[in-house]
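Just the one chain here, the form predicted on its own, laid out as structure tokens.
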């Protein structure tokens, strides 16, 4: 079986990958792993020293947990709680977590506390953006706490999912009947994704951008456009929170699936007393 995988588009926080000849079930497994299995680091526990703001401790702790933290180095530096052979839980040893602190007091003016005010013991673990608001303090109010950030997976809580969006779509099949097309350009003007462009030799099409909204079909007076989709081509779109690069999320998802299949193979082989070829 021949297949092809290629990167169609890459942005600062997203990646679009085209799968040709790869089973849909496998592409969907990668999507699910990106959301629920790929680990990242996030604040798990907060010890409040002082909180005289208008928000309860629980609300602030929830907000802190949802601040994405850079996790590229953390994947190799820290252990998941279930993988720690020393303590078996995050509270037991420093190899499982890092400490993040904050101590801000509003003096004479209203002060907004941002994620950039957080101080991490590990310079490799820091907020992805310094401009995420945490709480607004009135004059005289104080917020001080010590928090533990650890690795986790999205299936435990969404705050540990490095991917904010992961979806799989069929690749659109866009056909233009050149014998009918008069190069009026209406499809170019109405397409929200800029799939069409007018060239000297006719209408050019970028199928990877099409979302099958059918606006081009509705506006074409000459029935020159045919829309469908390929049965064996799929587009995987992964958008990152910034905790991990989108291509890192994709590669980690592949590793996780490969390990699961390897473990399944080994367990089934034990049951039957048979070990096949590679």
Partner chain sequence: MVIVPIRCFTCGALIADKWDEFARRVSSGEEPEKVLDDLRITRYCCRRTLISHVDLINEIVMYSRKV
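Computed from a prediction, not measured in an experiment: that's the story for all the values here. Residue numbers count along the first chain shown, from 1. In this text, rigid core is short for the largest set of C-alphas that superpose within 1.5 Å between two forms.
If you look for the form predicted together with the partner chain, you will not find it shown, but the lines that follow are about it.
Asks: How about residue 145 - does it come within 4.5 Å of the partner chain in the model of the complex, if we only consider non-hydrogen atoms?
Replies: Looking in the model of the complex, residue contacts with the partner chain do not include residue 145, since no heavy atom lies within 4.5 Å.
Asks: With the cut-off set at 4.5 Å between non-hydrogen atoms, does residue 131 touch the partner chain in the model of the complex?
Replies: Residue-level check for residue 131: yes, a contact with the partner chain.
Asks: With a 4.5 Å heavy atom cut-off, would you call residue 212 a contact of the partner chain in the model of the complex?
Replies: Residue 212: no contact with the partner chain in the model of the complex.
Asks: Since only the chain is shown here, I'm wondering whether residue 141 would be in contact with the partner chain in the model of the complex (any heavy atom pair within 4.5 Å).
Replies: Yes, residue 141 is a contact residue.
Asks: Within 4.5 Å, heavy atoms only, one stretch in 133-141, 195-203, 116-124, 71-79 touches the partner chain in the model of the complex. Which?
Replies: Only one stretch qualifies here: 133-141.
Asks: State the residue from 168, 165, 99, 184 whose non-hydrogen atoms include one within 4.5 Å of the partner chain in the model of the complex.
Replies: Exactly one listed residue reaches within 4.5 Å, namely 165.
Asks: For the stretch 235-251, I need every residue with any heavy atom inside 4.5 Å of the partner chain in the model of the complex, listed N to C.
Replies: Result: 237, 239, 241.
Asks: Following rigid core alignment, is the displacement of the residue 193 C-alpha between this form and the one not shown equal to or greater than 2 angstroms?
Replies: Yes, residue 193 moves 2 Å or more.
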